[in-house]
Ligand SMILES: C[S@@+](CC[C@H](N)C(=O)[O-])C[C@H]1O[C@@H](n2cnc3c(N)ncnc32)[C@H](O)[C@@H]1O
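In structure tokens, the next block holds one chain alone, the form predicted alone.
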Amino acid sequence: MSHYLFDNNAAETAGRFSVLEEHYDPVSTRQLALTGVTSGWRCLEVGGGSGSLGDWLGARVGPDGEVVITDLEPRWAASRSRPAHVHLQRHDIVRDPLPGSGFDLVHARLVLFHLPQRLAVLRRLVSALRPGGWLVLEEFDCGWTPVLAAPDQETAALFERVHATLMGLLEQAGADPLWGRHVFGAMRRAGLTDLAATTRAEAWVGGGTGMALHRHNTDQVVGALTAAGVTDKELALFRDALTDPAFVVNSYPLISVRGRRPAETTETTR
């Protein structure tokens, strides 16, 4: 099974998914709608997490379509009821056979970011598309998360230190914190056409729901952070900063890229 720093069996997972749904689902659904997804399409949602986006796709394609939602740990999505044309399955995109082919649309958000095999997985996702089908990848670029306001310089410096340590842990686990800025080029090299990209970021204020993502992430790996040199006192001050309205950071920029598998000359695309 593929390794993630943020194991989705952990208690912090539900809180993380809640933040992602609130702050990034509106971005993702806009990007998916731009592909023209409509009744009758077959869609694959990779690393579906809580299942919110797969369910949105299910409503969009209707009973004449099909949506397959996959995840290493599908129990979070299994808590939702869904119609018969939306399927949920446990799946490792690195090692398991693809759950079908000829999809009109394949989507993954914050999945390849974590995978050392991300370029090979990208090629697999392209191969799952029908000619003319769309791939939408959405990934963070964690290299631009400046502190926008802080009660003092010490608080800003502490956030930057703890955050940099967390990024180091991600890299050790095989993730690429800067992957978001490389997705467009990687999709172009994979042979996709009609490429387009947008970037979404906003200010996260201490005490707000967005800032809770930093709390859930650091709480889940507190042992690794302390082993890397972050003290208990620093972690306590870090948590205090996340609840202070005087402390504001830039959210993780989400870079959304969409592109099409070239159509065969004998096929008319939708």
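One rule holds for the numbers: they count along the sequence shown, beginning at 1. All values derive from a computational prediction rather than experimental measurement.
There is also a form predicted in complex with the named molecule; it is not shown, and the following applies to it.
Proximity to the named molecule in the predicted complex holds for all of N8, D71 and I93, with the criterion being a heavy atom within 4.5 Å. Residues placing heavy atoms within 4.5 Å of the named molecule in the predicted complex fall in a single listed stretch, namely 114 to 122, out of 176 to 184, 192 to 200, 114 to 122, 156 to 164.
In the predicted complex, the named molecule lies within 4.5 Å of some heavy atom of L20. Contact between L98 and the named molecule in the predicted complex is not found at the 4.5 Å heavy atom cutoff. In the predicted complex, G49 approaches the named molecule with a heavy atom inside 4.5 Å. The closest heavy atom approach of L110 to the named molecule in the predicted complex falls within 4.5 Å.
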